[in-house]
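This document opens with one chain alone, in structure tokens, the form predicted on its own.
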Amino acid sequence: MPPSAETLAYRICPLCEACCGLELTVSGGAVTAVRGDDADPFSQGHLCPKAVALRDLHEDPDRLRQPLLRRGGVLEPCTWDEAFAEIERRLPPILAAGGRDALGLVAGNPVVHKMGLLLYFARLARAVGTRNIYSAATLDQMPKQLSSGLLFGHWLSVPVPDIERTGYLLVLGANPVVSNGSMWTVPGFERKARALRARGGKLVVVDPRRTETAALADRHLPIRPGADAFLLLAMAQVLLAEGRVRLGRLAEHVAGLPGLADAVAPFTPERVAGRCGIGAGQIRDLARELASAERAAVYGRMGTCTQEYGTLASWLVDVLNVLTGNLDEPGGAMFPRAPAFAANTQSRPGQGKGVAVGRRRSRVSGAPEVMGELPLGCLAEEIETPGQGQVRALLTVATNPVLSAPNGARLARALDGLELMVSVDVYVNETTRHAHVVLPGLSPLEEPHYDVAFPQLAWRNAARMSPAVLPRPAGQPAEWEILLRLQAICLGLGAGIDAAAYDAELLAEEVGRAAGPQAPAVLQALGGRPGPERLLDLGLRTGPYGDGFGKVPAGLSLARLAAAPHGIDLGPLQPRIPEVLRTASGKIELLPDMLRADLFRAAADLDRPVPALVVVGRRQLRSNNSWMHNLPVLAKGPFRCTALVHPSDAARLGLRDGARARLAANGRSVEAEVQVSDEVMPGVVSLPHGWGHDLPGARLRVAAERPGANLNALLDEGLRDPLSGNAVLSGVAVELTPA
């Protein structure tokens, strides 16, 4: 076929959790058009502007195509051999002197959207053995993972609304019209929500801002930021006190119900109304409406996680789903069954070890480990504080915590004190500008892809795999090969290892432990596929829909998936309790001890004075992550980094629309353009996340044209939900004055 001939290629969009299927037109080695794939059984043709930006990302002149090495204080291009040689020269002595904990690992949001990065970062972390592992999870989602682990026995056993069959959807602190789900993979949410209402259902949104989702809803209840747990506690109290609990078939699978009524008894609607900013009568009506609705689901997300009571709020979302008989029922909150890599489809069904929390604590502030990670807000102090276990070298992978984590200025100063910083990233951003070595990954169009994590959160069961759309540049290693070479350096095997041979050796060890005498046959059946594709084939064939290496001829394998360019529909969500449970008791642990204990903290806090003004973030369709601000198709249009202020607050504070204002907290301040709007409730100012592209040394030319204000620069890195370690990014008191 001539190089200029047009061809169609199919690709899963890797730019947000919606994971939409795309149809790409390719001509002359370039993508010339991007459309939604109407034949994709999962996304059903849905498309948003981010997908179109895939072409901008691939062609971005700021995207790195070769490694960078710091020479004379400046990051300069180098060869791959030079980059790895520098790492091998500097990293082993640091580990020899300081032990494994001297190396810190940080993974960012894009890691979960790349099959090679996600699978091989986990391998690297296990092999290195450092306690200093951090990720974006403690900035936005760890409370939900912790509460799911405590209730159901695994971090990723997260029930999601069965939206196509529900008749009532209660959404708290989430904006799925913009996100198309978050920890709920639901492309085309707006279309599905309109269908819900068209069939007589109801959508209710609780949020301090009239979001795009709230504007679509039947009812919007503004709530004071950080009060979601109190609202949910009062709703549970009403259900229990008024005898409205109906567990249905879950009755024999639930532990802890008798103690729950006593635990929530102090949190009556009258007691919490002032804290919530919602009347007691409204709270009672909302609880009764949920209890009487047929096929209902409660869903909470970013706003329920990024607050002081994130774990309590996340737990109570599922408590309400259980108490109303809507957990694991069609139209309620259900558990997806992922085709591969899901721990809740493996091992003994219906019972397990549960999750272990706080197996260790951070060296400086004593924050608990959760899901193998320490809070990202602890990283700066772990670098700054001398002593055994001090982080002296850092590996960052697709992350920008100088912008995304609280008090990035302190972290930036700490990064400059490292003996070695290595970044695997496609940009020199506000974080990687501090690195000694930068190793660029591939464009998403140059590598195959399978969503490892998101089928575990999907609105419908499906399997989809994308081959590479464009060829990999000559001499450019895949990201999994980069991580394997870094792993080899850490283990003293040297940077010159043959990555493919090393990978085959590691796989043989893993399969040998799992398959025993059958291991040689399994390895032979997997064939010579490269790296993560071989792991995917193994995961699919041993998964719940797999062919079992020939035992189920019609089952899934990578070959079968590759022959289905639009993906394979595996059907609607189905009830999975008790099979999905992995708790030690084999039951839903409705009242875990650590959550019961945290209720005393909440009760003591009910009378705390409400600040005059608090700040919340906001999610925007075109800027889910900071690096999206460098893509022209997403950056164009009206300036989006504005501070939303209610008219009454603007009048009180002497602010006017379009003028600049200064937001201050914790002795720090930023300036932002004011947008006066009744979209936010009085006493709340909203500034979007991920901006602040005015730091020297970053190489993001488009983003720097309109840098915006960094909300996280104001926030306290030590303020966390004490159970999950998640940063508190919402409901923080601020001062707002004309600039």
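Please read all numbers here as calculations on a predicted model, not as lab measurements. Residue numbers run from 1 along the displayed sequence.
There is another form of the same protein, the form predicted in complex with a small molecule; it is not shown, and what comes next is about it.
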ask   = Based on heavy atom distances of at most 4.5 Å to the small molecule in the predicted complex, which listed stretch, 487 to 495, 540 to 548, 393 to 401, 81 to 89, is the contact stretch?
value = 393 to 401
request  = May I ask you to state whether Glu17 is within 4.5 Å of the small molecule in the predicted complex, using heavy atom distances?
outcome  = yes
4.5 angstroms heavy atom contact with the small molecule in the predicted complex for Leu470 = no
ask   = Does the small molecule get within 4.5 angstroms of any non-hydrogen atom of Phe335 in the predicted complex?
value = no
ask   = Does the small molecule come within 4.5 Å of any heavy atom of Gln346 in the predicted complex?
value = no
task = With the small molecule left out of view, choose which of Tyr450, Trp155, Tyr427, Phe267 has a non-hydrogen atom within 4.5 angstroms of it in the predicted complex.
result = Tyr427
key: Heavy atom within 4.5 Å of the small molecule in the predicted complex - the one residue of Gly226, Pro339, Pro143, Gly116 that qualifies   = Gly226
message = Within 4.5 Å of the small molecule in the predicted complex - does that hold for a heavy atom of every one of Pro110, Gly173 and Ser626?
response = yes
